[in-house]
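Below, in C-alpha cells: the form predicted on its own, a single chain.
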C-alpha cells in the first residue's frame, strides 16, 4: 500500500474505531460493558478495511466522482458510516454465534455468553444490529435494502450450518452455501458499500460485489483450514471437529477412493470424543487433503483478483489485490 493511501486508510479506520465505542454506548452501565465486550477485544476490522479501500477506488477520477455523487469530505463520512454498519453487523453476529456454539472464548477473552449468559448475549447482539440499522438508514434506501438482504443471508447461512445437509443435499454444495451466507455475504456487502460510495458505474459495482464474495469464500475456507492446521489466536484448535462440522479438508476425505479416508470421514461426522480430537487433528495435518484445500483457497483468491480488472487503476485497487494474496497465504 503506498504511503498516501496508507495514511488515508489509517485515518479512516481510526475514526471507525472511535465511533464503534461511541455508537454503542449506553446510559445503562451493564449494557454499556456488555455491548463493548467483543469490540474492546479487538479484531482484524477486515470488513471496515474493505469498505474503505473500495470507497477510495474512485480517487483516480476524484473530480468526476465528486460531481456525480457528493463532496469529497462527505464521501469520507459516508465511508465511515458504512464501515460502522458492516462491523457492527459482524460483531452482533458473533454474539449470536457464540451462543449457538456454546463458545467459551472469543478473540482471546471469555465469550459474551460465558461472561454474561446466553440471554444477555442474544439481546446485546440484537442491540448492536439495531445500531447498525440506525446508521445505515442515513446512507439511503439502497443501503438499507442491501443491509436487510445481507442480514437475511447471515441468518440463512447460520441456520443451514446448524441444521446440516439433508440426505438429498450434496455436502460440498451445502458447505459452500453456508460459507456464502454466514461469511461471504457480509464481505461482499462491504465491497459493494464502498463501491457505491466511490461513485463507480454499475458494472464496476457488480464486479466489486463478486470480488467481495469470492474473497470472503477464500478467507472463510482459510479459517476452516487453520482450525485444523494450527491454533488460531483466541480460538481453541479443532473447534469444528468438536462440533461435528465437516469443513473443506473433511469433505475432501469423502471424495477419496481410500476406504481409510472414508471411514475417517464417517468417524468425524459421527462425533468425536475429546480425547480423539488430537489424534484426528494429527491425521488430518499430515494428509494430502490439506494441500488440496490450500489449492482450492488459492483458486478462490485468484478468482477474486480477476474481478478487479475493470476497476480504476488506483493504489486502492493494488491494495485489494494484496488482500487476495493474503487470503491465499493465510493457511500456508
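Numbering follows the first chain given and starts at 1. Since the model is a prediction, treat every value here as computed from it, not as a measurement.
What comes next is about the form predicted together with farnesyl diphosphate, which does not appear here.
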Could you spot which one of 113, 220, 204, 75 gets a heavy atom to within 4.5 Å of farnesyl diphosphate in the predicted complex? 220
Quick one: of 155, 137, 146, 120, which gets a non-hydrogen atom within 4.5 angstroms of farnesyl diphosphate in the predicted complex? 155
Does any heavy atom of residue 213 come within 4.5 Å of a heavy atom of farnesyl diphosphate in the predicted complex? no
Are any of the heavy atoms in residue 92 no more than 4.5 Å from a heavy atom of farnesyl diphosphate in the predicted complex? yes
With a 4.5 Å heavy atom cut-off, would you call residue 180 a contact of farnesyl diphosphate in the predicted complex? no
Contact label in the predicted complex: residue 151 to farnesyl diphosphate, heavy atom within 4.5 Å: yes
Whether 173, 295 and 299 jointly form a contact site for farnesyl diphosphate in the predicted complex is the question; each needs a heavy atom within 4.5 Å. no
Using a 4.5 Å heavy atom cut-off, indicate which stretch of 162-170, 96-104, 253-261, 194-202 touches farnesyl diphosphate in the predicted complex. 96-104
